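Below you will find one chain, with nothing else, as structure tokens; this is the form predicted alone, and questions on how it binds or moves follow later.
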């Protein structure tokens, strides 16, 4: 076990590296519904903000939306991994994401010693979208981002607050709100605010050579390696869209993107402030 002083000395160059830089963290999965893990994530976020890192938290809320729909007798329906969102479901999505979850996360950060403001993509027209059109499949009110105005986020940061972002978008092609995939929104938001780093918290250890072997984690991936990893079947299934989000972010100026296991307490701090790191980082 390293001495406490060694741990602090190890963290120092990373604190200097990220000081006054912006990191976008997508928060969801087990880390969100497990109380102990949730507390660890909030503690990590507050610690980073207190040492001078500008953290932007983008959150999902799929399980809570499904729970609310179930209570109202409405069945959750998914097409290609996306929630089919009719008008009634969109009302519930907006209620849960922009209301309950966004405000609760901001309150938790505030209680933990940070200063957070809850925003959603509708505020200031921050996230605009059009109806997702994909091979003629109807996903309902699921949107495809057309533009992001970073000013509400940048203004919040410059005022000394930590933005907590719900991914509901303003319709550009219709008078409606759209449900937006939170991984995609986090990546595009990271690009729009020139973030230093994007972190996607997931329910897996990262990119694995063999998903059944916990020791087969691939810690570092370069952009040029990704097509080969897809061809070899190492990047498959639900990992493909997450890698695509990281790929887009890094190609458009974000220095690095990491896929972390949100089931590991303090995985964010391990990734950002230690030599060892955590999960898979994409340069």
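In this text, all values refer to a predicted model and were calculated from it rather than measured experimentally. So that the term is clear: the rigid core is the largest set of C-alpha atoms that superpose within 1.5 Å between two forms. Positions refer to the first chain, counted from 1.
The same protein has a further form, the form predicted in complex with a further copy of the same chain, not shown here; the description that follows concerns it.
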Legend entry - Candidate stretches 222 to 230, 45 to 53, 251 to 259, 235 to 243 - the one whose heavy atoms come within 4.5 Å of a further copy of the same chain in the predicted complex: 45 to 53
Inset, instruction - Decide whether residue 273 counts as a contact residue for a further copy of the same chain in the predicted complex under a heavy atom distance cut-off of 4.5 Å. - result: yes
Legend entry - Partner proximity in the predicted complex: residue 75 to a further copy of the same chain, non-hydrogen atom cutoff 4.5 Å: no
Inset, instruction - Tell me, yes or no, whether residue 123 is in contact with a further copy of the same chain in the predicted complex, where a contact means a heavy atom of each within 4.5 Å. - result: yes
Inset, instruction - Indicate whether a further copy of the same chain has at least one heavy atom within 4.5 Å of a heavy atom of residue 266 in the predicted complex. - result: yes
Legend entry - Option touching a further copy of the same chain, based on a heavy atom within 4.5 Å in the predicted complex, out of 191, 132, 96, 204: 96
Inset, instruction - Could you tell me which one of 195, 199, 116, 187 places a heavy atom within 4.5 Å of a further copy of the same chain in the predicted complex? - result: 116
Inset, instruction - Counting only non-hydrogen atoms and a 4.5 Å cut-off, give the residues of 244 to 260 close to a further copy of the same chain in the predicted complex. - result: none
Inset, instruction - Note yes or no: does the Cα of residue 130 move by 2 Å or more between the shown form and the other one after the core is superposed? - result: no
